[in-house]
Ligand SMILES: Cc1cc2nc3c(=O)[nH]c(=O)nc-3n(C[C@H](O)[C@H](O)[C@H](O)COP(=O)(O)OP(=O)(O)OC[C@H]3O[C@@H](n4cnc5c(N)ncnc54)[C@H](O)[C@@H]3O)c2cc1C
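Quick setup: one chain, the form predicted alone, written in structure tokens, and binding and motion questions come after.
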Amino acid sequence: MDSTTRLYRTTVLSRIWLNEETFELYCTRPQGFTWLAGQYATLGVRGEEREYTLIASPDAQELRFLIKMVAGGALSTVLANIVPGDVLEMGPAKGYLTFRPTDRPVYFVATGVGIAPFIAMAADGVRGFHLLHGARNEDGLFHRQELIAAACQYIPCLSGKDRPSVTLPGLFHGHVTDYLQADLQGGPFDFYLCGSMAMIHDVTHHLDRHYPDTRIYSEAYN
């Protein structure tokens, strides 16, 4: 760790594309760097910084980040073209979207790369949750098999135009908010939300209205 800037240095190991706009970045784990499953860290290069969630278990020897390349994005486009051996600056782990053991039914709700903290929690041994995994198309259901193995219920929610042609176990055609409005029963629950601000707003409003004793933990992605 640099004692002047208080930043870690991490070296890029590899990059794996998951679909045409989303990739995983593998990096070395700096000495002394620690995190909790669900936390994020700031990555920086060439004067640009952005926050990305770590998707590996906290005992992993390498760091992994799930990153969406944003058209015109100042940093994501750089990371999409970075090569092994390049060095990034990285801040300490932050964030409060971490798992809290409970006797209540637990629901994870994610859209897009908002699935990242739940990938990390599953890798860290969290089990028995219900997961609503929202994406436009099937290729956006990142780490589906690992999440199915960890969850007691996995509901893929596809909202893209080609969704009628896709057949998946438990598939729901529509947005995660549509599923909750149509099928959620019981309560109270513990809900963890990660994804777009619009999704978090709509789900929170629905839960507050119909399940007022539910605990909600959330983190929005721009």
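One-based numbering along the sequence shown. Quick caveat: nothing in here was measured; it's all calculated off a predicted structure.
Just so it is clear, the following notes concern the form predicted together with the ligand, a form of the same protein that is not shown.
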Requested in this report: Please state whether all three residues Glu24, Leu63 and Ile148 have a non-hydrogen atom within 4.5 angstroms of the ligand in the model of the complex.
Outcome: no
Query - Contact stretch among 124 to 132, 101 to 109, 137 to 145, 70 to 78 - heavy atom within 4.5 Å of the ligand in the model of the complex - result: 70 to 78
Report summary line: If we test each of Tyr40, Phe172, Tyr154, Tyr192 for a heavy atom within 4.5 Å of the ligand in the model of the complex, the one that passes is Tyr40
Requested in this report: Consider Val113 of the chain shown here, and say whether it contacts the ligand in the model of the complex, taking contact as heavy atoms within 4.5 Å.
Outcome: yes
**Report entry** Touches the ligand in the model of the complex: Tyr8 (any heavy atom, 4.5 Å)
**Finding:** no
Query raised in the report: For Tyr52, is any heavy atom within 4.5 Å of the ligand in the model of the complex, or not?
Result: yes
Query - Close approach of Ile216 to the ligand in the model of the complex, 4.5 Å, heavy atom - result: no
